[in-house]
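Structure 1 and structure 2, given next as structure tokens, are two forms of the same protein chain, each shown alone.
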Structure 1
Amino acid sequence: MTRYRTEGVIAGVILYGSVAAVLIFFYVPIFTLIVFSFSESRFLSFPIEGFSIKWYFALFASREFWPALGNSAILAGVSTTIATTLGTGGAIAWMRWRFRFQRSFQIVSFAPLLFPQLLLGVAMLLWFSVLGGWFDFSPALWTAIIGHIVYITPFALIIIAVQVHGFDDTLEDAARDAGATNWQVFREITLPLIWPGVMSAAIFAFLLSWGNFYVTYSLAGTARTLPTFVFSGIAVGSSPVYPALATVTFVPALLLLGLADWFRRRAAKRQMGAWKDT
């Protein structure tokens, strides 16, 4: 009895210690940035001499901040929309259809995940440089959008493929037996069941695109986004403006992660309900 109690205590210490270590490792740097964003001093030092929100006013008054914010929103919004659409089609083709060269399609669709972001950006920059010489154009925001689509589409495909794999395909067969066409099956059965996974994939893809630096830096030309705006500012010296920017972008990202978890829970409940109905 004493032995089991000792093992239970050790297991509890390891479990709660691991949770505490993970939380500290992940969130101490983030909350340190948030605290420094309210520092009154221009220099990042500890202990903090005083608290102020003047760096948030300085950030919002910056002439470079709003164009960078707009470019980031366009880049992440367009890339996410196209990547999620491609990922949805690719996931359904992967999990529901059988066709020639399917294995090759699976390998090729994952290939961008094997490239480090910097190498992917450099490789696509060389590609656009050659095309730019032929068709007389220079890298700009639209070339960065193409780069982001290449980078984030495999992530969206994987997330949606897991959702497609998880639901019972006999529901689709039952709809076809009832006389539904393939389009009706997709619209009335498949899409509603995988929709939470599609939204989760879209949110994850948006966050990947929103914070991406290497691909953007390589392909955006003179257009600045928030990550390149921070990089160019830090290159000439640190400032509490950038912790303020990190805080401003962290809160919406946290809300999006919460929304993704809500879609995940909703998908699990819907799938459980579908199983009970069959």
Structure 2
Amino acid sequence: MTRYRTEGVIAGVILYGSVAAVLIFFYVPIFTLIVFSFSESRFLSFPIEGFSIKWYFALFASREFWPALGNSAILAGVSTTIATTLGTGGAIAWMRWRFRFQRSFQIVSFAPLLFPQLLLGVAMLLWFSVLGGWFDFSPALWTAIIGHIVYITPFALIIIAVQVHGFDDTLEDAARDAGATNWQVFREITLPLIWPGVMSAAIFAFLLSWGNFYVTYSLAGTARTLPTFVFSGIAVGSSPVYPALATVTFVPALLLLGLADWFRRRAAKRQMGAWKDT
């Protein structure tokens, strides 16, 4: 029996220890940034010498911050909307239908996920340069939007596909029997049922786009978003403005994640309710 007990102790130490260690590991740089954002000194050395919030004011007064924030918002907003719409259609076609060339469709709509982002960006940049030569344009925010759509749609598709997977189609049949058109069935029955999946896909897509560096860096031309703004800033020299910026960007991510969790709980509760009803 002692052998089992020591084994249990070792297993417990490894398991609980690994979870604790990984959580600490994940939050080391995040807490480091938060601490440095309140530093008094302009040099980022530890221990910090005094507490101040002046770097937040410096950040908000910076002329480059606001355009970068605006670009990030436009980029993430537009590409999330389009990627989620495309992903919804794609997920239904993946999971619920059978058609010719379905395999090819699945490969084409999934492949960008398995590509190193920088290479995806480089390959698209080459193509945009050729197109730009023909139609006389240069890479800007909208080319980055297309890049983000290609990169993010597979993620959205998979998340929605999971929701479509457990789909109960008797309601659709009932609506169809009652004389609803295909579009009405989709709008009134299908979409509300998969809505939690669509929403979490949208939130995930937004965060992926908001924090994306590689694709934006290759495709946005001279337009700066928050990640590329930070990258060019820390390449020149570090300043407490960037930790302050990091802390500011944690807020929307936290809110969106809370929202996603709320949707998930509500969906789970509904499912429980549906079970009880039947």
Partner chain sequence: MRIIRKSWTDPGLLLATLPLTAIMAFFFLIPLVMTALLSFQGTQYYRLIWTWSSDTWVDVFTHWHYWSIIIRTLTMALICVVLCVLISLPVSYAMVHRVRSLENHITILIVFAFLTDAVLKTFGWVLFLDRTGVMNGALSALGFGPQATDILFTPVATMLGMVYNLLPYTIFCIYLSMKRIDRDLMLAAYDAGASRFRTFWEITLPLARPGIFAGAILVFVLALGVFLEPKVMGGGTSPMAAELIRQTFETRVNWPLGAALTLVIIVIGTATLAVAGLAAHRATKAAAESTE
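This one's a predicted model, so the numbers in the text were calculated from it and none came from an experiment. Numbering runs along the sequence of structure 1, starting at 1. Between two forms, the rigid core is defined as the largest C-alpha subset superposing within 1.5 Å.
Student: Of structures 1 and 2, which is the form predicted together with the partner chain?
Tutor: It is the second structure (the form predicted together with the partner chain) rather than the first.
Student: Please say whether, between the two structures, the C-alpha of N182 moves by 2 Å or more once the core is aligned.
Tutor: Yes: N182 shifts by at least 2 Å between the two structures.
Student: Is I10 among the residues whose Cα moves by 2 Å or more between the two structures after superposition of the rigid core?
Tutor: Where the cores coincide, I10 still shows a C-alpha shift between the two structures that is 2 Å or more.
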